[in-house]
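Just the one chain here, the form predicted on its own, laid out as C-alpha coordinates.
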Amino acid sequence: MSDAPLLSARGVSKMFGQIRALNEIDLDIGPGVTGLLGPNGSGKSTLLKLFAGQLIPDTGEVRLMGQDPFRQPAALRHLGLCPEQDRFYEEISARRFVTVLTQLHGYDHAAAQRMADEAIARVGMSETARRPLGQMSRGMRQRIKIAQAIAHNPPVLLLDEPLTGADPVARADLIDLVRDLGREERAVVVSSHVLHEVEAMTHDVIFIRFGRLRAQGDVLRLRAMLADRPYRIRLEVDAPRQVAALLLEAPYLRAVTLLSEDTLEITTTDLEAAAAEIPLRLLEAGHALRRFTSPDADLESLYRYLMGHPQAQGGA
(Lines give C-alpha, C1' and ligand atoms only; values in the text may rest on other atoms or scores of the structure.)
Protein backbone atom coordinates (compact mmCIF):
# COMPACT_ATOMS: atom_id res chain seq x y z
CA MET A 1 0.00 0.00 0.00
CA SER A 2 1.21 3.53 -0.82
CA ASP A 3 2.42 5.77 1.99
CA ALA A 4 0.02 8.48 0.74
CA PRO A 5 -2.94 9.17 3.07
CA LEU A 6 -6.21 7.54 2.07
CA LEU A 7 -8.00 10.81 2.81
CA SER A 8 -6.53 14.30 2.86
CA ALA A 9 -7.61 17.93 3.03
CA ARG A 10 -5.42 20.92 2.21
CA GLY A 11 -6.53 24.47 3.02
CA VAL A 12 -10.18 23.44 2.81
CA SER A 13 -12.84 26.06 3.49
CA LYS A 14 -16.58 25.86 2.85
CA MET A 15 -19.18 28.61 3.05
CA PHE A 16 -22.97 28.36 3.20
CA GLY A 17 -24.11 31.90 2.52
CA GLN A 18 -22.49 34.01 5.23
CA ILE A 19 -21.75 30.94 7.40
CA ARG A 20 -18.23 29.53 7.26
CA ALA A 21 -18.74 25.81 7.93
CA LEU A 22 -15.04 24.92 7.52
CA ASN A 23 -12.06 27.21 7.77
CA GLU A 24 -8.63 26.27 6.37
CA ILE A 25 -8.72 22.58 7.31
CA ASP A 26 -5.51 20.60 6.81
CA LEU A 27 -5.43 16.92 7.74
CA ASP A 28 -4.39 13.44 6.60
CA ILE A 29 -6.19 10.21 7.48
CA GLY A 30 -4.56 6.83 7.02
CA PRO A 31 -5.56 3.23 7.77
CA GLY A 32 -7.36 2.46 11.04
CA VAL A 33 -10.35 3.91 12.85
CA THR A 34 -10.45 7.68 13.38
CA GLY A 35 -13.07 9.41 15.51
CA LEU A 36 -14.37 12.75 14.16
CA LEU A 37 -15.59 14.84 17.07
CA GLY A 38 -17.02 18.28 17.69
CA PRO A 39 -20.12 20.15 18.91
CA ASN A 40 -23.25 20.77 16.87
CA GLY A 41 -22.46 22.96 13.89
CA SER A 42 -18.72 22.38 14.12
CA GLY A 43 -18.40 21.19 10.50
CA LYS A 44 -18.14 17.41 10.91
CA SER A 45 -20.90 16.47 8.47
CA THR A 46 -19.68 19.09 5.99
CA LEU A 47 -16.22 17.53 6.03
CA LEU A 48 -17.67 14.05 5.46
CA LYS A 49 -19.74 15.34 2.52
CA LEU A 50 -16.63 16.88 0.98
CA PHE A 51 -14.76 13.59 1.25
CA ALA A 52 -17.79 11.80 -0.22
CA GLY A 53 -17.90 14.10 -3.27
CA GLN A 54 -21.31 15.52 -2.29
CA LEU A 55 -19.90 19.04 -1.88
CA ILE A 56 -17.03 20.94 -3.43
CA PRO A 57 -14.76 23.14 -1.28
CA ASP A 58 -14.75 26.89 -1.86
CA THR A 59 -10.99 26.91 -1.35
CA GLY A 60 -8.42 24.15 -1.01
CA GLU A 61 -8.73 20.53 -2.06
CA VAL A 62 -9.83 17.17 -0.71
CA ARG A 63 -8.47 13.87 -1.95
CA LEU A 64 -9.85 10.34 -1.73
CA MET A 65 -7.14 7.81 -2.57
CA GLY A 66 -5.30 10.66 -4.29
CA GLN A 67 -8.29 11.66 -6.44
CA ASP A 68 -10.81 14.50 -6.32
CA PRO A 69 -14.07 12.81 -5.25
CA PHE A 70 -16.21 15.58 -6.79
CA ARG A 71 -14.53 15.89 -10.19
CA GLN A 72 -13.39 12.27 -10.52
CA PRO A 73 -16.43 10.09 -9.77
CA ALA A 74 -14.41 6.90 -10.31
CA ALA A 75 -12.79 7.63 -6.94
CA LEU A 76 -16.10 6.86 -5.23
CA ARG A 77 -15.59 3.15 -5.95
CA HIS A 78 -13.09 3.28 -3.11
CA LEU A 79 -15.63 4.76 -0.68
CA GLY A 80 -18.32 3.32 1.56
CA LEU A 81 -20.71 5.86 3.08
CA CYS A 82 -23.12 5.36 5.97
CA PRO A 83 -25.01 8.68 6.22
CA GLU A 84 -26.71 9.86 9.37
CA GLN A 85 -30.15 10.20 7.76
CA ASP A 86 -32.24 7.38 6.27
CA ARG A 87 -33.20 7.55 2.61
CA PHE A 88 -34.66 4.10 1.89
CA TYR A 89 -37.05 2.61 -0.65
CA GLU A 90 -39.33 1.37 2.09
CA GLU A 91 -41.16 -1.30 0.08
CA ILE A 92 -38.11 -3.34 -1.02
CA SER A 93 -36.24 -5.87 1.09
CA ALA A 94 -32.97 -5.13 2.82
CA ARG A 95 -31.27 -7.75 0.64
CA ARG A 96 -32.55 -6.15 -2.55
CA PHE A 97 -31.53 -2.68 -1.33
CA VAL A 98 -27.93 -3.68 -0.58
CA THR A 99 -27.69 -5.70 -3.80
CA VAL A 100 -28.82 -2.82 -6.01
CA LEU A 101 -26.46 -0.33 -4.37
CA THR A 102 -23.59 -2.79 -4.82
CA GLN A 103 -24.48 -3.17 -8.50
CA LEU A 104 -24.11 0.61 -8.85
CA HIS A 105 -20.41 0.13 -8.12
CA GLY A 106 -20.09 -1.88 -11.32
CA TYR A 107 -20.75 -5.48 -10.22
CA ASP A 108 -23.12 -7.81 -12.04
CA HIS A 109 -26.24 -9.01 -10.27
CA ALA A 110 -24.85 -12.38 -9.15
CA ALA A 111 -21.66 -10.89 -7.71
CA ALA A 112 -23.54 -8.01 -6.10
CA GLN A 113 -26.01 -10.39 -4.45
CA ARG A 114 -23.22 -12.55 -3.08
CA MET A 115 -21.40 -9.49 -1.73
CA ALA A 116 -24.65 -8.14 -0.27
CA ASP A 117 -25.33 -11.42 1.52
CA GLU A 118 -21.81 -11.41 2.99
CA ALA A 119 -22.16 -7.82 4.21
CA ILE A 120 -25.61 -8.43 5.66
CA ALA A 121 -24.28 -11.48 7.51
CA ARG A 122 -21.40 -9.39 8.85
CA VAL A 123 -23.81 -6.92 10.45
CA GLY A 124 -25.94 -9.74 11.88
CA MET A 125 -29.04 -9.29 9.69
CA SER A 126 -29.17 -12.50 7.64
CA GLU A 127 -32.35 -13.81 9.27
CA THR A 128 -34.34 -10.65 8.52
CA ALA A 129 -32.74 -9.59 5.23
CA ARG A 130 -35.85 -10.44 3.15
CA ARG A 131 -38.10 -8.21 5.26
CA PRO A 132 -39.18 -4.87 3.68
CA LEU A 133 -37.15 -1.95 5.00
CA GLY A 134 -40.33 -0.17 6.00
CA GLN A 135 -41.02 -2.89 8.56
CA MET A 136 -37.62 -2.63 10.26
CA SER A 137 -36.72 -0.87 13.48
CA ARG A 138 -34.35 2.06 13.46
CA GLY A 139 -31.52 -0.09 14.79
CA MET A 140 -32.08 -2.72 12.10
CA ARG A 141 -32.13 -0.06 9.40
CA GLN A 142 -28.86 1.28 10.78
CA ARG A 143 -27.24 -2.13 10.36
CA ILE A 144 -28.44 -2.27 6.76
CA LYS A 145 -26.93 1.16 6.08
CA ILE A 146 -23.60 -0.15 7.32
CA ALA A 147 -24.02 -3.31 5.23
CA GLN A 148 -24.44 -1.30 2.01
CA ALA A 149 -21.39 0.78 2.93
CA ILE A 150 -19.10 -2.25 3.27
CA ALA A 151 -20.58 -4.63 0.67
CA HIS A 152 -18.24 -3.56 -2.18
CA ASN A 153 -15.21 -3.90 0.14
CA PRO A 154 -14.03 -0.26 -0.01
CA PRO A 155 -10.69 0.86 1.48
CA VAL A 156 -12.32 4.03 2.89
CA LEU A 157 -15.43 4.15 5.08
CA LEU A 158 -17.26 7.25 6.30
CA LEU A 159 -19.68 6.41 9.11
CA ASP A 160 -21.87 9.29 10.31
CA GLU A 161 -23.46 8.39 13.68
CA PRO A 162 -23.38 4.66 12.82
CA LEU A 163 -24.80 3.43 16.15
CA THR A 164 -27.93 5.60 16.21
CA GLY A 165 -31.00 3.61 17.22
CA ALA A 166 -29.11 0.39 17.96
CA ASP A 167 -29.88 -1.47 21.17
CA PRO A 168 -27.04 -2.18 23.65
CA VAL A 169 -26.24 -5.62 22.22
CA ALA A 170 -26.23 -4.30 18.66
CA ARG A 171 -24.03 -1.36 19.71
CA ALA A 172 -21.47 -3.74 21.18
CA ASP A 173 -21.53 -5.86 18.01
CA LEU A 174 -21.15 -2.84 15.74
CA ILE A 175 -18.28 -1.42 17.82
CA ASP A 176 -16.48 -4.74 17.36
CA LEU A 177 -17.23 -4.60 13.63
CA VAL A 178 -15.82 -1.07 13.28
CA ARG A 179 -12.64 -2.10 15.11
CA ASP A 180 -12.29 -5.13 12.83
CA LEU A 181 -12.73 -2.96 9.73
CA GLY A 182 -9.96 -0.68 10.96
CA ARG A 183 -7.65 -3.67 11.46
CA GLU A 184 -8.18 -4.55 7.79
CA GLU A 185 -6.08 -1.52 6.76
CA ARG A 186 -9.10 0.55 5.81
CA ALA A 187 -9.48 4.21 6.72
CA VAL A 188 -12.65 4.24 8.85
CA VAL A 189 -13.86 7.68 9.90
CA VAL A 190 -16.57 7.62 12.58
CA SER A 191 -18.48 10.79 13.40
CA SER A 192 -20.33 10.45 16.70
CA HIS A 193 -21.40 12.44 19.74
CA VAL A 194 -21.28 9.41 22.06
CA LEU A 195 -17.73 9.73 23.31
CA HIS A 196 -17.44 6.48 25.25
CA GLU A 197 -18.47 4.56 22.13
CA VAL A 198 -15.83 6.32 20.03
CA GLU A 199 -13.30 5.58 22.76
CA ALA A 200 -14.25 1.89 22.55
CA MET A 201 -13.48 1.95 18.81
CA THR A 202 -10.26 3.96 18.69
CA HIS A 203 -7.79 6.30 20.41
CA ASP A 204 -7.14 8.24 17.18
CA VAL A 205 -9.34 11.32 16.97
CA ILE A 206 -9.92 14.58 15.12
CA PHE A 207 -11.45 17.53 16.99
CA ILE A 208 -13.23 20.27 15.04
CA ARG A 209 -14.74 23.42 16.54
CA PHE A 210 -16.23 26.45 14.74
CA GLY A 211 -15.07 24.93 11.44
CA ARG A 212 -11.43 24.81 12.51
CA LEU A 213 -9.21 21.84 13.24
CA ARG A 214 -8.48 21.91 16.96
CA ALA A 215 -6.38 18.77 17.28
CA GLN A 216 -5.64 15.41 15.64
CA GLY A 217 -3.87 12.33 16.98
CA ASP A 218 -3.83 9.78 19.77
CA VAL A 219 -5.99 10.72 22.78
CA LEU A 220 -3.31 10.08 25.38
CA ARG A 221 -0.64 11.91 23.39
CA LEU A 222 -2.91 14.91 22.92
CA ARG A 223 -3.84 14.91 26.59
CA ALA A 224 -0.17 14.79 27.57
CA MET A 225 0.45 17.96 25.55
CA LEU A 226 -1.85 19.93 27.86
CA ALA A 227 0.90 20.74 30.33
CA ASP A 228 -1.26 23.29 32.13
CA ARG A 229 -3.90 20.63 32.87
CA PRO A 230 -2.59 18.21 35.51
CA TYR A 231 -4.05 14.74 35.86
CA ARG A 232 -6.11 13.58 38.81
CA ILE A 233 -5.61 9.94 39.83
CA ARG A 234 -7.86 8.18 42.32
CA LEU A 235 -6.49 5.32 44.38
CA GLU A 236 -8.58 2.93 46.43
CA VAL A 237 -6.22 1.55 49.11
CA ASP A 238 -6.26 -0.04 52.54
CA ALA A 239 -4.43 2.72 54.47
CA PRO A 240 -4.84 6.01 52.60
CA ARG A 241 -3.02 8.21 55.12
CA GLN A 242 0.03 5.97 55.11
CA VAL A 243 -0.05 5.75 51.34
CA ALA A 244 -0.30 9.54 51.09
CA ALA A 245 2.80 9.94 53.25
CA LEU A 246 4.61 7.38 51.10
CA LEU A 247 3.76 9.12 47.82
CA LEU A 248 4.47 12.69 48.90
CA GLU A 249 8.15 12.18 48.13
CA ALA A 250 7.49 11.33 44.46
CA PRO A 251 8.85 14.02 42.09
CA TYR A 252 5.86 13.78 39.75
CA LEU A 253 3.35 14.51 42.51
CA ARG A 254 1.72 17.94 42.94
CA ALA A 255 -0.90 17.29 45.60
CA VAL A 256 -2.63 14.56 47.60
CA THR A 257 -6.23 14.75 48.84
CA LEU A 258 -8.03 12.29 51.12
CA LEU A 259 -11.47 11.75 49.59
CA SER A 260 -12.78 9.04 51.93
CA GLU A 261 -11.63 6.41 54.38
CA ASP A 262 -10.28 4.27 51.53
CA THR A 263 -9.76 6.68 48.60
CA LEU A 264 -6.99 9.14 47.76
CA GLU A 265 -6.84 11.60 44.91
CA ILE A 266 -3.42 12.67 43.73
CA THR A 267 -2.55 15.36 41.19
CA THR A 268 0.31 14.84 38.75
CA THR A 269 1.65 16.28 35.51
CA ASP A 270 3.18 12.94 34.47
CA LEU A 271 0.49 10.28 34.19
CA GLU A 272 2.84 7.75 32.60
CA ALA A 273 5.36 7.93 35.44
CA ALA A 274 2.64 7.83 38.07
CA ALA A 275 0.95 4.82 36.47
CA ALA A 276 4.25 2.95 36.27
CA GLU A 277 5.63 3.77 39.72
CA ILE A 278 2.71 4.03 42.14
CA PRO A 279 1.66 0.36 42.01
CA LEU A 280 5.30 -0.69 42.51
CA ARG A 281 5.77 1.65 45.47
CA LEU A 282 2.62 0.33 47.16
CA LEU A 283 3.54 -3.29 46.46
CA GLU A 284 7.00 -2.81 47.95
CA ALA A 285 5.48 -1.15 51.03
CA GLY A 286 2.93 -3.93 51.49
CA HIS A 287 -0.18 -1.86 50.67
CA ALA A 288 -3.08 -3.29 48.68
CA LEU A 289 -4.13 -1.23 45.65
CA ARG A 290 -7.73 -2.09 44.87
CA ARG A 291 -8.44 0.52 42.23
CA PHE A 292 -6.45 2.97 40.06
CA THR A 293 -8.45 5.38 37.87
CA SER A 294 -8.07 8.83 36.33
CA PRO A 295 -11.05 11.06 35.51
CA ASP A 296 -8.73 13.22 33.39
CA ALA A 297 -7.14 10.62 31.10
CA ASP A 298 -10.12 9.73 28.92
CA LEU A 299 -11.62 11.08 25.72
CA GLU A 300 -14.38 12.98 27.50
CA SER A 301 -11.94 15.00 29.59
CA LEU A 302 -9.88 15.87 26.51
CA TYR A 303 -13.05 16.89 24.69
CA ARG A 304 -14.03 19.22 27.53
CA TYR A 305 -10.59 20.85 27.54
CA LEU A 306 -10.46 21.38 23.77
CA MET A 307 -14.07 22.37 23.24
CA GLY A 308 -14.53 24.46 26.39
CA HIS A 309 -17.84 22.74 27.07
CA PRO A 310 -18.83 20.58 30.05
CA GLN A 311 -20.56 17.90 27.97
CA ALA A 312 -20.18 16.23 24.60
CA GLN A 313 -22.47 17.17 21.77
CA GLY A 314 -22.98 15.96 18.23
CA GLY A 315 -24.24 17.26 14.93
CA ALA A 316 -23.05 18.87 11.77
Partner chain sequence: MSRSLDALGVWFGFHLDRRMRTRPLKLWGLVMIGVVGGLIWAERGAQDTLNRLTLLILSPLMSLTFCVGVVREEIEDQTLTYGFTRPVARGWLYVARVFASVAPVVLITLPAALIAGGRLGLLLPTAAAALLAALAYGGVFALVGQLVKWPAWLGLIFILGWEYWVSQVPGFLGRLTLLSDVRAIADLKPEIPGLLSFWEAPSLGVSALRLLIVAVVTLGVGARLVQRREHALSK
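In this text the structure is predicted, and so the values were computed from the model without any measurement. Positions refer to the first chain, counted from 1.
A second form of this protein, the form predicted together with the partner chain, is not displayed here; the remarks below concern that form.
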Hey, with the partner chain in the predicted complex, do 70, 77 and 84 all fall inside the 4.5 Å heavy atom range? yes
Contact assignment for the partner chain in the predicted complex, among 264, 253, 55, 27, heavy atom within 4.5 Å: 55
Listed range touching the partner chain, judged in the predicted complex by heavy atoms within 4.5 Å, from 229-237, 163-171, 103-111, 119-127: 103-111
With a 4.5 Å heavy atom cut-off, would you call residue 194 a contact of the partner chain in the predicted complex? no
My question is simply whether residue 91 lines the interface with the partner chain in the predicted complex - judged by any non-hydrogen atom within 4.5 Å. yes
In the predicted complex, is there a heavy atom of the partner chain that lies within 4.5 Å of any heavy atom of residue 212, even though the partner is absent here? no
Is residue 268 near the partner chain? Define near as a heavy atom within 4.5 Å, in the predicted complex. no
